[in-house]
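In the form predicted on its own, a lone chain appears below as structure tokens.
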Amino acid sequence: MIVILGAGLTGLSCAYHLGDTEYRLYEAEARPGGLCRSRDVRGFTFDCTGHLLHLRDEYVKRLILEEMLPGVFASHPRRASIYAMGRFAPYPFQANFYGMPREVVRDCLLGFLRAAPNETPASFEEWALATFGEGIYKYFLQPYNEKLWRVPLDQLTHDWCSWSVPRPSLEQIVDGAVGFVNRNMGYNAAFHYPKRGGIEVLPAAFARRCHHLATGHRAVSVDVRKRLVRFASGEEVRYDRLVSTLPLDDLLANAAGGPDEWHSMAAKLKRVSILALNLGVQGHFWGRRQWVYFPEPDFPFYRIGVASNFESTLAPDGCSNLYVEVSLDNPHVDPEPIVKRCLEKLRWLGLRGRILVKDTLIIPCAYVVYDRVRQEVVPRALAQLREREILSTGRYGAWQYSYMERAILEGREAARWCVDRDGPFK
């Protein structure tokens, strides 16, 4: 029997790609989707922060846009900005700092020209300085990433950012310094999003094709010797192979019969939590901007998105749908003081309409921290689990910085692992 824990995108994709192979897919929540879910609150459709589908793989494009959900998604060009030093700049900052104070433009341009390549950077800080120079690092990369990751940047490794942080050419740097906008840099220059219903239409499409899905089953322990999963209800299920998309630290901490070091390994892994403040507001906000990054510490949030600026059906006519993201060290905080400060800053930024809906969500495991301990612990833990017929995969199962398309592909690879099948699959 193949058992899959967690019906987020990776678990759902694994079940889908197993087809008629016997399996059981278990989800702790009342409905599948994981963080790729949406909810309707008085006419506003809120996702669990921004979930935009970036498609580059031809197989996933065909699967989602043609086979599963034809005509459901619309394609959008990115319209994102950075707000720093009292003004907006187009994203990404490292190629669009025209309009910043003159000394900032000078520092960014000269810093890039003086940057010395480093083939073996020991940290994200070293990588960023060697790649972009001191100015871009000082004015954007350092404050933004310290706010998001909540650790000193000399403690972060750089292996998470090769695909997500675009590096401009010298020509693009010069263009961005004198006023030509570099619009199409980075992996997220365009994205797909459902025309209505929010991002949950994607996991819902997978769930409809999964024939053995049980919700309301929260796994509390895995006995790796007996190959047994225990659920909070007291129910137990045996497996031959187990695919886990649970956070890796939770899996290791709650596993029985494995190496003694698993509990200490789990305690060493660091995660970042998020307070997501969803707002339904009268009127339109920020013109056509879809989301804005805030590097400066004066703002409690690191990003604000205006979901209704990329899909108007997410809000009633004449209203805006906003999501505000605040990084947290500890998910067990009183959200009200943070929410109050966020609202004060939003008013200062120009939010004038009456707030019709205020919806707060804390995501305990939102980003995994790429520190040196992760480099040591994760490969060893994943290998030890696979030796015991457990594949820990997905964004949190593999303890990685990832995106929806990759989750779908990792689900397909998990299905292949389950049945030991080589070559084309589905």
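Residue positions are given as counts along the sequence shown, with the first one as 1. In this text, all values refer to a predicted model and were calculated from it rather than measured experimentally.
Form predicted in complex with a small molecule: not shown, discussed below.
Chemist: Can you say which of 131 to 139, 244 to 252, 258 to 266, 112 to 120 gets within 4.5 Å of the small molecule in the predicted bound form, counting heavy atoms only?
Modeler: Among the candidates, contact is made by 244 to 252.
Chemist: Can you check whether F46 is within 4.5 Å of the small molecule in the predicted bound form, heavy atom basis?
Modeler: Flag for F46 set to no.
Chemist: Using a 4.5 angstroms cut-off on non-hydrogen atoms, would W417 count as touching the small molecule in the predicted bound form?
Modeler: No.
Chemist: Applying a 4.5 Å heavy atom distance criterion, does L385 contact the small molecule in the predicted bound form?
Modeler: L385 lies outside the contact set for the small molecule.
Chemist: A28 versus the small molecule, in the predicted bound form: is there a non-hydrogen atom within 4.5 Å?
Modeler: Heavy-atom contact with the small molecule at 4.5 Å: present for A28.
Chemist: I have F97, V292 and L349 flagged as a candidate spot, so tell me whether each of them has a non-hydrogen atom within 4.5 Å of the small molecule in the predicted bound form.
Modeler: Checking in the predicted bound form: none of F97, V292 and L349 is within 4.5 Å of the small molecule.
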